[in-house]
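Here we start with a single chain on its own, the form predicted alone, put down as structure tokens.
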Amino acid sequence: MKNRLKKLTSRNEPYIFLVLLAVCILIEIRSGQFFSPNNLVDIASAMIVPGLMAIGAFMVIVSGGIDVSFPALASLSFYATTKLLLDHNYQGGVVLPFLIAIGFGALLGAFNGLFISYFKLPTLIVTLGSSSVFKGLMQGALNSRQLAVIPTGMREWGKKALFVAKNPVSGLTSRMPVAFLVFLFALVFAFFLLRFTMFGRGIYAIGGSEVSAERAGFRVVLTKFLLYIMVGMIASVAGLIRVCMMQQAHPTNMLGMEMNIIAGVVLGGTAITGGRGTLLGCMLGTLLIVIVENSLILIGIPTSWKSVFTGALIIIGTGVSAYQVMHQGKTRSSKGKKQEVAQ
């Protein structure tokens, strides 16, 4: 029992859950509206796109890299998809748009993966550069501008709801989008991929040490290449869902999301140096960011202060992760010295 308790308290998830619970209770005390059905549905709806993005960012960070290009990648994918379908007067369902967006995402992800895995360039440098490339392609080759009209199938799918929640006091209603099922599917898929497949174990092994992973038999180059293709596909799906839910395609709407997403992942206990972290912690950290961003108005704080609170969470999350890495390094060094003395 003591070992279980010690193991539990050494993880980030219980602490981030308690912080999350405290924030929720504080907002409820101040506003009396946080736990209302329509507000909970609004938060779940707001979690869809950041949650999908966080899954991809989580896998990259666990592998030892930091990807800052996924918002630009998603923007280029959904904009190219929407413009292509509008130019061809597409009147069909939503399946084809998703397939096209996923195809674009895989192609752009492969662009990142090629330089990172085969040419062994630093992830942060490559994704900073590719982010500018993707933005340039949108502005130059596609002459990007806001598309106020989107294809019929995408528009109708974005309006569909699983159910409608009503606030019994104010009478306000909120829809739970069908897109929430896509988020749940991606979450379950990522969990099984990371937990029960050699590919998922390879991602963790690479984050711990590429040399050790290679010696253990993992195909490091191929694993990293496929990882960035997968991240590109997830980001593109998130981008297209954003378009369907907003009922319009804005080319710059998702740009700048990367820091909030990475902050949520790190807040959840994922080591910034790679090799350690859980999907549960990633989701809890991302949910905390989403709640802070979407609930400030409920406690009477102007939305102009949103960046201050988000920035503080980024600093706290990164600081905690850096402290944990430093503490683990000291612990290992201390154990090594004790073993040397014993010998």
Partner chain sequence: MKKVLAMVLLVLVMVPVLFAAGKAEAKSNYEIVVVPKDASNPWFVRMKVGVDEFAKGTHHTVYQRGTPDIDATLQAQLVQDLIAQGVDALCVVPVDLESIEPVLAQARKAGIVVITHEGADLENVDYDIEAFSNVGYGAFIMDNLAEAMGGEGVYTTMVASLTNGSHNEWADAGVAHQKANYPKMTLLAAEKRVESFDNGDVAYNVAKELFKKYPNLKGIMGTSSYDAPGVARAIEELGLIDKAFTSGTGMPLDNAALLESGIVKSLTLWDPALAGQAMIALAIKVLDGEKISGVVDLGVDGYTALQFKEGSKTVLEGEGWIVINKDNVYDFGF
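Only a predicted model underlies this, so the values are computations on that prediction, with no experimental measurement involved. Residue numbers count along the first chain shown, from 1.
From this point on, the text means the form predicted together with the partner chain, which you will not see here.
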Quiz item: Looking at 243-251, 183-191, 225-233, 90-98, which lies within 4.5 angstroms of the partner chain in the model of the complex, counting heavy atoms?
Solution: 243-251
Quiz item: Might Glu293 be said to contact the partner chain in the model of the complex, defining contact as any heavy atom within 4.5 Å?
Solution: yes
Quiz item: Going by a heavy atom distance of 4.5 Å, is Ile299 a contact of the partner chain in the model of the complex?
Solution: yes
Quiz item: in the model of the complex, does Lys83 have a heavy atom within 4.5 Å of the partner chain?
Solution: no
Self-check item: Interface membership of Gln139, the partner chain in the model of the complex, 4.5 Å heavy atom rule
Solution: yes
Quiz item: Among the candidate residues Val178, Ala110, Ile102, Leu172, which is the single one with a non-hydrogen atom no more than 4.5 Å from the partner chain in the model of the complex?
Solution: Leu172
Quiz item: So which bits of 42-68 sit within 4.5 Å of the partner chain in the model of the complex, heavy atoms only?
Solution: Asp42, Ser45
